[in-house]
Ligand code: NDP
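A single chain, nothing else alongside it, follows as structure tokens in the form predicted on its own.
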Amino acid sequence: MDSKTSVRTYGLYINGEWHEKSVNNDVFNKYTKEVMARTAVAEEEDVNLAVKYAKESLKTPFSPYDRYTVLLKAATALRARQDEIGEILAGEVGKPLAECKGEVERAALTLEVSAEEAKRIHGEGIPVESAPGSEQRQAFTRRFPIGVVAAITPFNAPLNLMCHKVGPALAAGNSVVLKPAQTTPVSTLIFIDIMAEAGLPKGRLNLITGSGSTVGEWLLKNQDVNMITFTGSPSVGKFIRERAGLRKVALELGNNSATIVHKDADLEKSATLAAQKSFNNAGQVCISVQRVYVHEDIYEPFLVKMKEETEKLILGDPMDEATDIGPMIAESEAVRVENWVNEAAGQGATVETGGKRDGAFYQPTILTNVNDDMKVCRQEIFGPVVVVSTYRSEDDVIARVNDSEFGLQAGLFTNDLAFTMKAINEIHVGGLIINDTSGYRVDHMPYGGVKNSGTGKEGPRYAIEEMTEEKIIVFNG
């Protein structure tokens, strides 16, 4: 604890112990701008030490049932501290308190599902005896831990998205070296203590803080890291894949999510959900709605309703129960969004509502009269901005949804079964959500994209498959 300011300084967590460092990084409350914690800045020797102990810990037995017990205890502890950790998340991320408390509950559920899956890892019988000459043989497969997993997590949902990596990795029998986002590490640091109290063996979970560019590079460089799982930008994801070589990599890299509203859609439901899912966490969500394609027959009433719902949203202090949208993660990000909107307006787009910035706050903004080559359509905004366009034919809108380098999730509002089946078959994404927006996710579903949205799946059962290796065993009778 820093005695002068009563701000806690966290060290690195290696092999079950906290290690202080002489250089630390300030973590700011995103609304008040006050320092809320300080975290150690790691050096390469710290990273290598963490990997060393993570590898050594694998020699100590940690049974599936023991993994289940530890993860379930941690889930229970998270729920018991929901209010406390929710307030910490509201400070470090800047999103409304209700959303943050919801994230704690989701993180607990992610651990709970991971715990259950620890007891379900299984193989299958392989009928090798059906091959001529192998009549006397029997075979089956088993899945084994991959080893040391390096987990690099993002700022926007730092607790739950961390649990989506750590929970399955530990459930699968691996050890983890965890690197949280430098701007939002506090909830993760608290989680480390929770895991230790739950009885996690030393070395199974190690935490390194510092710059992503340095710590990430050192993790990639260390060949005792068997797998890298990363959530963040496509540019960093591509760099990781290029440097990982033959090692396993799981990447969740974002999207410019599209939602289609067909002419038979429920206007009230579709417009309300589109407004809600475009702006939660100030639009800083990978599956946040960015592109809305509305059939020309219902475009005008849809836009009126979506504007009405958007203009009800209140910006303010994340700790205030009335607040719907807090500040963005940094003022520089709000400036970037402002520049993108101004560029689109200069190219002919209409700002239907919003379009103004106040420090790190950016008003929820709807743009119309856009073209698909504008930056606000083509790239990932990752801010509280949504573009609304019209379409005429099913083929046209499917082509426009697919005309993207991304493919994480998409939404489709319609009661037309034929169009639904066509969309299922032709829209190229990792997840298609019917009669909801792209922004729907529950934590046990398979979650991951195609194209530049990444590779691999999250959701504990599916992540465990990524984090284990299959071995076939053949008996010659």
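Residue indices: 1-based, along the sequence shown. What you are looking at is a predicted structure, and each value in this text was computed from that prediction instead of being measured.
The protein also exists as the form predicted in complex with this ligand; that form is not presented, and the subsequent description refers to it.
**Student:** This ligand is absent from this chain, but in the predicted bound form, do Gly86, Glu103 and Pro318 each have a non-hydrogen atom within 4.5 Å of it?
**Tutor:** Checking in the predicted bound form: none of Gly86, Glu103 and Pro318 is within 4.5 Å of this ligand.
**Student:** Decide whether Gly203 counts as a contact residue for this ligand in the predicted bound form under a heavy atom distance cut-off of 4.5 Å.
**Tutor:** Result no; Gly203 lies far from this ligand in the predicted bound form.
**Student:** Though only this chain appears here, would Ser213 touch this ligand in the predicted bound form if you measure heavy atom gaps against 4.5 Å?
**Tutor:** The answer is yes: Ser213 has a heavy atom within 4.5 Å of this ligand.
**Student:** Does at least one non-hydrogen atom of Phe382 fall within 4.5 angstroms of this ligand in the predicted bound form?
**Tutor:** Phe382: yes, in contact with this ligand in the predicted bound form.
**Student:** Quick one: is Tyr31 in contact with this ligand in the predicted bound form, heavy atoms, 4.5 Å cut-off?
**Tutor:** Residue-level check for Tyr31: no, no contact with this ligand.
**Student:** Could you tell me which one of Leu412, Ala54, Val47, Leu408 places a heavy atom within 4.5 Å of this ligand in the predicted bound form?
**Tutor:** Selected option: Leu408.
**Student:** Since exactly one of Ser270, Thr153, Asn174, Thr110 fits, which has a heavy atom within 4.5 Å of this ligand in the predicted bound form?
**Tutor:** Of Ser270, Thr153, Asn174, Thr110, the residue with a heavy atom within 4.5 Å of this ligand in the predicted bound form is Thr153.
**Student:** Quick check for you: of 391 to 399, 111 to 119, 174 to 182, 125 to 133, which stretch puts a non-hydrogen atom within 4.5 Å of this ligand in the predicted bound form?
**Tutor:** Of the options given, it is 174 to 182.
**Student:** Given a 4.5 Å distance limit between heavy atoms, list every residue of 341 to 374 close to this ligand in the predicted bound form, or none if there are none.
**Tutor:** Nothing in this stretch is in contact.
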